[in-house]
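Take a look at this single chain, the form predicted on its own, given in structure tokens.
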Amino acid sequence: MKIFPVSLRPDFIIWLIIGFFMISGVLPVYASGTVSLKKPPASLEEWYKPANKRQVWLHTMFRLRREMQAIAVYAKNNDQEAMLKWIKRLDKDYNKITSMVPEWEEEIKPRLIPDLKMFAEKGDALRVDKTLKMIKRTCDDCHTQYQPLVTATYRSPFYNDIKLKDGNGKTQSFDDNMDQLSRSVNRILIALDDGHNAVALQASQKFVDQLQTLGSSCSSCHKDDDYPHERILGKDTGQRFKKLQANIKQGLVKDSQKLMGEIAVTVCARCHNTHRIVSDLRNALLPDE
């Protein structure tokens, strides 16, 4: 079941995936209008939340990137001692890859690390740089094949697991809540267009209540971080709704319509641009989940 129902035509799915690649800086492998992605080994799941208490895989990748950058910097500065320090760390983390995901043994080239150390000891900065680029290529090749699907699988929330409770304590899904929000938005706009101000006012309050129900779910992912909720459903949004209701009571139709446009951008679009893109990508790539 999809969280935010959309019509996922084949061409839409392709461009959704290509767009994701462009945003993440990863180029897709494609031919004849199709995109090919490799499914990551099941053992990778062990190193991501919630299977693991820490994002072990991510932190290992971050360290590898930092270690390679440090080696490049110190090679340029001819600082042999610092190079060797960071090569030792790189050796440890690079070889962790196959200990965590044995299926990727063929994806890396551990023999390059002793070569890197040898060139560093000789003070051959040019070969250090070339060897680093060869190591980085093994990382890039793996990322090109696996990173998008890994991101969609392990780094995006599975919204079906999150349940909402309305003001009456009734449980509902994101699908239900999104449908209600959409209907309320349109009910407000229809009523404004037809001069039914009392109906528009009632629908606006219903809209506020539905957004509060949606907002109660933010802590499911963001835990103790109040900023995401505040950015979308915080004080500024509350003030916009107060102004909207005041405008409706005064019969200021155009001002109310304009304010509804602002709310659509600052609430609906802002939330969708963060959450819906990843959710749709996940649903497109993992349709059976």
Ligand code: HEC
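Keep in mind the model is a prediction, meaning the values are calculated, not measured. From 1 onward, residues are counted along the sequence shown.
Absent from the display: the form predicted in complex with heme C. The rest refers to it.
With the partner left out of view, is Ile162 within 4.5 angstroms of heme C in the predicted bound form by any non-hydrogen atom? Heavy-atom contact with heme C at 4.5 Å: present for Ile162.
Classify Leu252 as contacting or not contacting heme C in the predicted bound form by the rule of any non-hydrogen atom within 4.5 angstroms, answering yes or no. Taking the distances in the predicted bound form, the answer for Leu252 is no, it never comes within 4.5 Å of heme C.
Check whether Gln147 has any heavy atom within 4.5 Å of a heavy atom of heme C in the predicted bound form, and answer yes or no. Output for Gln147 is yes: heavy atoms within 4.5 Å of heme C.
Heavy atom of Asp209 within 4.5 Å of heme C in the predicted bound form: No, Asp209 stays farther than 4.5 Å from heme C in the predicted bound form.
For the chain shown here without its partner, which stretch in 190-198, 114-122, 81-89, 176-184 has non-hydrogen atoms within 4.5 angstroms of heme C in the predicted bound form? Heavy atoms within 4.5 Å of heme C in the predicted bound form occur in 176-184.
Partner-contacting position among Gln172, Thr138, Gln205, Asn95 - heavy atom within 4.5 Å of heme C in the predicted bound form: It is Thr138 that has a heavy atom within 4.5 Å of the partner.
Can you name the residues of 251-270 that have a heavy atom within 4.5 Å of heme C in the predicted bound form? Heavy-atom contacts to heme C in the predicted bound form: Val267, Cys268.
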